[in-house]
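Taking the form predicted on its own, here's one chain by itself in structure tokens.
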Amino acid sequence: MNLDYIIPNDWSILEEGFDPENIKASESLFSIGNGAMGQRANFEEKYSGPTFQGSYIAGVYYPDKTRVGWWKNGYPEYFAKVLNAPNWIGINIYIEDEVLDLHTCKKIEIFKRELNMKEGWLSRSFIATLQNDIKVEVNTKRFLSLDMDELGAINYSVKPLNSDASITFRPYLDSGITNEDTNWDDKFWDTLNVSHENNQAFIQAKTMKTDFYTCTFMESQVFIDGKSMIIDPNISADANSASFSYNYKVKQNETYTIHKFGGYTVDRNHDKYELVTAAKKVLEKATKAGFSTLLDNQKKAWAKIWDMADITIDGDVKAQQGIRFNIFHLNQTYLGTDARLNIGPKGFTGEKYGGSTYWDTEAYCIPFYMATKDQSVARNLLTYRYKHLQKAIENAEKLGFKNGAALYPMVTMNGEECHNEWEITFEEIHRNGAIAFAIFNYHRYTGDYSYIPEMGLEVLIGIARFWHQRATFSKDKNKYVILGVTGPNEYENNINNNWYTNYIAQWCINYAVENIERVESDFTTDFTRIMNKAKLSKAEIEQWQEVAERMYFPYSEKHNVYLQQDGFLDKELITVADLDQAQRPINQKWSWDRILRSPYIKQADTLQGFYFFEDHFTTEELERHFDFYEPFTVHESSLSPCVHSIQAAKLDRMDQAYTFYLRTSRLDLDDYNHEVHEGLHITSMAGTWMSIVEGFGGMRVKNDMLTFEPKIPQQWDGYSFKVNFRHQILKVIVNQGQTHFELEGHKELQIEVNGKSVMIAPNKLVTV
């Protein structure tokens, strides 16, 4: 497969030329979504070659029974799977009764595909000669509406070029679909009813076990050279599908077009008995507006998003395309309008990881959503975790913890743990720390403390109880140790005293105690309610503090660095530079046994702690640890390059920072990890945003205000970004040699730039 076939462009993802080898990769890269649903960029017409079909509805999942060879106590009963939903985009095309199928065409010319990120639509155009020698030009455009998030729209046109031709459009709905990712090949959907009237069709279906009720719907209109046609369709329906056939004798060089409107209504938003009625309302509104008006509305909605979220880069098209691709997919995946939803690592682009929520949300995504949207969006993400607190307590109880100790899941849809690899489920407990850090980060950035007495303190208490119980007192060390864990570096399992885990455990306890004291002092009613509910005593808090004060941290006097874990120096310390490149990526070339014994680091581990808690360490300490650990890091996690880019920029290593930035921003576009066909790396895309804003822009919040240490790669002429800081929007424009600040609003904002205080007045340009 050609890994570098995407054409560089500021605002679009472009593919030219038809290569069957790239089909699955392009289906991922050109995916579309609107926060409520999404789909891979599958062809509307039939394609008989290798393809990965996927349409997904936010929040709809199936509990696929765990499949392991040897059951262990505490294993989750199931792995939640995002479901390939009934297909509404399909339009089979027949030209003189021969099906249009790019896999079987005699010849394909000028194939082009475009994902226009500025305006939020996907298009495709090609000229194909069928086996019957009829040559046709095809143009398609589709989008998922941001304004009406239950609706998608397709414009599909066919023009016969070398003769008149009888052309049939056969739009259909199909609920006889399967998942690419399944443990037991279960049937995930139960089709309840297939109905049709006029030019509308509806399939009512529900998920097995979870009983999510859905209605998949469609309505079509046909045109000749733009003129609306009334054609009575032939109708076909069976137990799982419905289709309409619109046949017309099209003259040479006439354009025959179908507008298809479709989508999903779901019982998460409507009464399950009113889904068809709700779908009819969507279709009535859509057909009344028409494709062109809906597309205009789509452009306006995306313009509003880009006005706040865009990052411009001058003089480097690949870098510009990379960051916009990342920002675009983050907004397609999650818009913050529904507090019941969260951000899956693959979004709506594939089925790997089950489409569930990971610690990625708290560690990487919340900064992006805090700064590019209203702070209520980030608060919704924190509220999501508060609503799952009881489940986190139950998760901990299954592993033997008690007294309200909470262990948040590694993977979840509804708060229950559903990850079933023991070294992750039982051991990658650092995820608890990311939840607490997100609460701290939210308060630090927004200044909104209200979340903590209302909800957050209960979360912090549950997490502190977990760390207190998870630590073991070592008589040998006269310290508390944490044994049998997996840190962020998943290329080490079941190790003792992972520095990052121990450090964040200590910090979580101290942060919980600090907030208990503040809430007791300033929010007495909340304090009384929480203490009664949690049954927390001063004696228990003192026991926590004992663990925090006497936490053990492995350290090497020889190297003058904290050790990633107790046994790290026992490894054969061969750097990545000395590793045979033919052995990369090691996760696809080596046995797991060999990986676990190697010194190679999948992603920032100790350095993840230095990223979160940068203020706790000197720049010299960061440099020492960066120089020690980065040479062993293979960056085979999508979450790794962004952290290293930020830290390289902090250390004034701009060439290295730029290289890491390109890797994180073009991870999928250039398919660094040879897996883009499975879907995109959505959560790491927020890390790409951080690598510019926090890395090159040097943005931090210190002493209750924004601070900047702007830097610029030599490859760029300039860059700019906006942040929404406490309801004031600040634009930062960095050029070679100077930085400009512009403030939207009505009051002044004091910031710090390179250690010096600067006052920014509204609507005036300040140059530093």
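In this text, residue numbers run from 1 along the sequence as written. Keep in mind that this is a model prediction, so the values were computed, not measured.
The following text describes the form predicted together with another copy of the chain, which does not appear among the structures shown.
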Candidate from 540, 314, 566, 119 lying within 4.5 Å of another copy of the chain in the predicted complex - any heavy atom: 566
Contact residue in the predicted complex, from 257, 637, 497, 320 (heavy atom within 4.5 Å of another copy of the chain): 497
Location of another copy of the chain contact in the predicted complex, chosen stretch of 362-370, 422-430, 194-202, 541-549 [non-hydrogen atom, 4.5 Å]: 422-430
Heavy atom distance at most 4.5 Å to another copy of the chain in the predicted complex, all of 124, 300 and 711: no
Residue 400 within 4.5 Å of another copy of the chain in the predicted complex, heavy atoms: yes
Another copy of the chain contact at residue 437 in the predicted complex, heavy atom, 4.5 Å: no
Contact test in the predicted complex: residue 481 vs another copy of the chain, heavy atoms, 4.5 Å: yes
Contact of residue 503 with another copy of the chain in the predicted complex (heavy atom, 4.5 Å): no
Interface residues of 573-605 toward another copy of the chain, as seen in the predicted complex [heavy atoms, 4.5 Å]: 586, 587, 588, 589, 590, 591, 592, 593, 594, 596, 597
